[in-house]
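What follows is a single chain, given as structure tokens, in the form predicted on its own.
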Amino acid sequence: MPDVIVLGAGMAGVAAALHLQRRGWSVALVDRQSPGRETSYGNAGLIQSEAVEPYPMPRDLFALFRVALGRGNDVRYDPLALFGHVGPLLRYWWHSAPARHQKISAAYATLIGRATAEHQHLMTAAGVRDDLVRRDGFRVFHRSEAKLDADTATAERLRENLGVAFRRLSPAELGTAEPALRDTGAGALHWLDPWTVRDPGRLVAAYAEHFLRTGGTFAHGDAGTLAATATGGWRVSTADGPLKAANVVVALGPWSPALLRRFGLKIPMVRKRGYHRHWRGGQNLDLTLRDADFGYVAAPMAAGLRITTGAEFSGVDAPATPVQLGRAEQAARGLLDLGAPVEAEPWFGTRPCMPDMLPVIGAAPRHRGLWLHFGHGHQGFTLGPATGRLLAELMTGETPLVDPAPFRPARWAR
């Protein structure tokens, strides 16, 4: 019988399993799919050291009306599904007030500051090949000089306060760095220290393979079968039979609140759907490029050039509506020769965002042996190893690498 069952084999779950295993725990990892096949697969492949401030909701009326009228491509919503999002979104808006956001960012930065180092520890242990990861940043493309000036001012503040490194590129400098671009606009901001991954799902799988090589176990199973045992532990059904353990970690991303509601824990979550598709062209793009005006990221991947979208608010089981991806494709064709799509249909998945923009890490209130590790928003791929270590330290009674108080589950689990 394992010491702990970890539900969810995305970046957050795999990293938590590895860190617990390093501390001598016997760990069973359970998921309905193979490791790294959900949201951890479908992102832009960025390990972001510059993202020290989570993205707040706009507070001014002009920006809110622009979103409401669908003028931009960063956010799209289905009016018929909006009612189900209103409560968490209002809380998100409340937490986006400048004073609250500043306090949230201070806590968030402690995790982001550990992201690349914690990934490197796991990459070294797992023997991840150098050609999977680049360590020379990514660029943010702007068509408007005024918006690039505003972005630069933010970058200068972050450099002064937190040492975040960047370089502003003129249109000519951008053209030299990326000769495949048809338009260099007003130039770009080059964040120098983030890492980019050519196959995000492959990185999660590499971590999972290391977990298995060093004694961990993996089973296909349904997290919905989780139940408390008569002896005070936990049980879950898998294809290999039932698993029991004294402890269980819920690392199910956007599916976590639905499972926890069965145990009387009502946790609000902002669920953002995102899309991506690979294109056979665009292979001459050197570094990952975010188009600030059209809310997408173009990322060179092993499978082709991946175009990823912003946030869509739709029903939980709504069919795919890749409107943002279509707009992103049109904008990207003005910059690059995309060629034909690789897949017949785009991929889509859901990002789990908490109303206060901070992940949920720690012990669930009133439930012995139940631990929570989810709600990383757009940064689960970046933060998984750092938050996985923090969770393992809390579970083993070690001194945590950062102050865990801002991330405690009790702030939401009522």
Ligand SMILES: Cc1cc2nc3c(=O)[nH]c(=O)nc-3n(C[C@H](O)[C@H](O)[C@H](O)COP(=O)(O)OP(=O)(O)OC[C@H]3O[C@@H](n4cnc5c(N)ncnc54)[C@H](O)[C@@H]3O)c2cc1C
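Residue numbers here begin at 1 and follow the sequence given. Just so it is clear, the structure is predicted and the values come from calculations on it, not from any experiment.
If you look for the form predicted together with this ligand, you will not find it shown, but the lines that follow are about it.
- Of the residues D193, E329, D222, D78, just one reaches this ligand in the predicted complex with a heavy atom at 4.5 Å or closer; this is D222.
- This chain appears without its partner; in the predicted complex, the one residue of A298, A188, L252, V248 with a heavy atom within 4.5 Å of this ligand is L252.
- This ligand in the predicted complex comes within 4.5 Å of a heavy atom belonging to G349.
- Residue contact check for W279: none of its heavy atoms lie within 4.5 Å of this ligand in the predicted complex.
- In the predicted complex, this ligand sits beyond 4.5 Å of every heavy atom of A17.
- For the chain shown alone, N73 is not a contact residue for this ligand in the predicted complex, no non-hydrogen atom being within 4.5 angstroms.
- Comment: 307-315 is the region of 307-315, 79-87, 124-132, 174-182 lying near this ligand in the predicted complex, near meaning a non-hydrogen atom within 4.5 Å.
- Contacts with this ligand in the predicted complex, taken as any heavy atom within 4.5 Å, map within 41-59 to G42, N43, A44, G45, L46, Q48.
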